[in-house]
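The chain below stands alone, shown as C-alpha cells; this is the form predicted on its own.
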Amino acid sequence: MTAKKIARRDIADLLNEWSREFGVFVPSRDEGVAKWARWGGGDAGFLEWYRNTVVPPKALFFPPLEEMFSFQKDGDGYHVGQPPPTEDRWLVFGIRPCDARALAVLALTFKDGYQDPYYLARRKNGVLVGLGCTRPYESCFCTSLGISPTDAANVDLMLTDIGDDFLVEAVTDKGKELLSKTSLVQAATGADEARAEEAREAAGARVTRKVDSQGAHEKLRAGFEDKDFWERVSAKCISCGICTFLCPTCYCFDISDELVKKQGARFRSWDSCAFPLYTKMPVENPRREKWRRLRQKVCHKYEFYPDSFDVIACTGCGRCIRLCPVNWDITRVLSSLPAQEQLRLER
C-alpha cells in the first residue's frame, strides 16, 4: 500500500471517527502529568506539546492495579468469578517507537515466558498508532538500543510529522484495515515522502546521548562481584522505585487478596526490585543492601534478560534519567563499568 497523508487540522476528526469503533486513548495532561487518557472529543491540542508521557503506555496493557478474579464463600465452598471485562476493541494513538518496542519486550515475558491471559487479552484487542518522535529529550538514548525515534517496526500504523500534514503508513494488516475505513486521508506525493525522510534523519540526529549497549553484557558479567563499584554507583539512590514504575519494560508485580466477610477479590499491583522488602522471605532478605538491588535492576535489563530472550530490556526512553529525584543516570553507570582487562588485573 502506498503512503497516505492526513492534514494536521483533521486529526481530531480522525480520532472522532475511530472512536465510533474503538476505545481511543491519547496523550493527556492530568493534573500536570502527561499520561494516557480516553479521547473525549474536542481538539487535538496534545500534538503541540506532546513529547512523551510520564506514565508509559504499558499501564494500558498491564495496569498498576488490576483485579484478577473475585471469589465468594458459602456452604458449598469457594466460588470464583471472572475478572472485569476489558475493552473489546481499543486504539492507542501517538505511541512513540521506544514504547512500542517496550510492549514487544513485555510480550516475551507475558507470552513466551508464560501465558498471561490478562496482558494477552488487552494486547490482542489493541491497535497501536505510532507517532514519530521529532523532539526527543536530552535524556533519550534509543538509538543506542537500535531504535530510531521514527521506527515503525512495532506499530500497526505510523504517522510522521511533515509540517501541516502527517505522512501515514500502514505497517500491519490491522493498520491497513484501519486506514481503509477513513475518508480523511489522501495519497501522499513524492515531495511528502521526501519531507518525511528528512524528518526521520533529523530526529535521529537529535538523539545525542549514547551508550555502548552491546558491550554492557560482558562487562556486567565480569563485574558482577565488584562490590566497590556497585556501592559507589548506588550511593545516591533513595530506593523510591520511580525508575522501575515509570520504565516501559519493567513488569514486577505483587499479588494480594482483599477479603470482606465471605467475599473478596485477588489483585495484582506493580512492585519494584528497588524496594527493600521486594525479595524478603520468612528466613532472609537476599537483597537487603541497596547496592544489590540496584545491581539487580541494571543486570536484569542488560544481562539477564538478553540471556533469556536475546534482547535488552531497555528502550532508551530516558524516563529513569529525567524523572529521577536524585539524577541517577543509567547511561553513566553503563559507561563507567570497569573493563574486563581492568577487573582481571584487580583480581
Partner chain sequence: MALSDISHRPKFLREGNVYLPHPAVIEKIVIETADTKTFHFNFKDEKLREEFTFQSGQFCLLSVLGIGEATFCISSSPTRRDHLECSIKEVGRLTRALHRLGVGAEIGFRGPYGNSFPLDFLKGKNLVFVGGGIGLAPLRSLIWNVIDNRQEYGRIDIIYGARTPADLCFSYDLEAWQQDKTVNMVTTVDRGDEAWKGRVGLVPVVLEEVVPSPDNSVAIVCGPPIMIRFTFPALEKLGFSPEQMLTTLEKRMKCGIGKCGRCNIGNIYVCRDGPVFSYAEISSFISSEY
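Residue numbers count along the first chain shown, from 1. In this text the structure is predicted, and so the values were computed from the model without any measurement. Here the rigid core means the biggest group of C-alpha atoms that line up within 1.5 Å when the two forms are laid on top of each other.
Omitted here: the form predicted in complex with its partner chain. The next part is about that form.
Q: Could you tell me which one of Asp254, Asp228, Asp173, Asp88 places a heavy atom within 4.5 Å of its partner chain in the model of the complex?
A: Contact residue from the list: Asp254.
Q: Can you pick out, from Ala194, Leu259, Ile238, Ala202, the residue that has a heavy atom within 4.5 Å of its partner chain in the model of the complex?
A: Looking at Ala194, Leu259, Ile238, Ala202 one by one, just Leu259 meets the 4.5 Å heavy-atom criterion.
Q: Heavy atoms within 4.5 Å of its partner chain in the model of the complex: which stretch among 37-45, 300-308, 313-321, 22-30?
A: Answer to the contact question: 300-308.
Q: I'd like to know if Gly146 sits close to its partner chain in the model of the complex, meaning any non-hydrogen atom pair within 4.5 angstroms.
A: Residue-level check for Gly146: no, no contact with its partner chain.
Q: In the model of the complex, is there a heavy atom of its partner chain that lies within 4.5 Å of any heavy atom of Gly77, even though the partner is absent here?
A: Yes, Gly77 sits close enough to its partner chain in the model of the complex that at least one of its heavy atoms falls within 4.5 Å.
Q: Applying a 4.5 Å heavy atom distance criterion, does Trp49 contact its partner chain in the model of the complex?
A: Heavy-atom contact with its partner chain at 4.5 Å: absent for Trp49.
Q: Looking in the model of the complex, any heavy atom of Met68 within 4.5 Å of its partner chain?
A: Contact with its partner chain, yes.
Q: Which residues from 17-56 come close to its partner chain in the model of the complex, meaning a heavy atom within 4.5 Å?
A: Heavy-atom contacts to its partner chain in the model of the complex: nothing from 17-56.
Q: Does Gly163 shift between the shown form and the other one by 2 angstroms or more at the C-alpha, the core having been superposed?
A: The answer is no, as the C-alpha of Gly163 shifts between the shown form and the other one by less than 2 Å after core alignment.
Q: Superposing on the rigid core, I want to see if Pro117 changes position between the shown form and the other one - specifically a Cα shift of 2 Å or more.
A: Shift at Pro117: below 2 Å after core fit.
Q: Would you tell me if Gly77 moves between the shown form and the other one by 2 Å or more at its C-alpha, with the rigid core held superposed?
A: Passes the 2 Å threshold, so yes.
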